[in-house]
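What follows is a single chain, given as structure tokens, in the form predicted alone.
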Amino acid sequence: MNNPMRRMSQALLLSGALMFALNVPARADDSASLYKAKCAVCHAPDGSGNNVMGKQLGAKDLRSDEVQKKSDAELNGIITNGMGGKMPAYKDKLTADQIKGLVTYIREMAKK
């Protein structure tokens, strides 16, 4: 009886680990899609702000030292609450996890 229980426990652990591993890339893809849908209009697909709307609004280059030196909490706050009347607040439009994913995505932009 102990052996079947052990096998079942191992199978559950393995399936849990597999589900976690499969969800990590999906979250990254979700953040990329979310960025394209909500942020790229002003910050450009590459984060540079070098597009028509970005130039009109003076959008920050998300890859710049100025942005990258901000803490995750600061970036989270900017996305959540907006900035300077030009960037809208997303607190009622995105979940906390989605905003956290965008912060991670912005960090990755500087590495490309």
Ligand code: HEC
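In case it trips you up, residue 1 is the first one in the sequence shown, and so on. Quick caveat, the model's predicted, so the values are computed rather than measured.
Form predicted in complex with the named molecule: not shown, discussed below.
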{"property": "4.5 Å heavy atom contact, Met87 and the named molecule in the predicted complex", "result": "yes"}
{"property": "Residue contact check: Met83 to the named molecule in the predicted complex, 4.5 Å heavy atom", "result": "yes"}
{"property": "Heavy atom of Leu57 within 4.5 Å of the named molecule in the predicted complex", "result": "yes"}
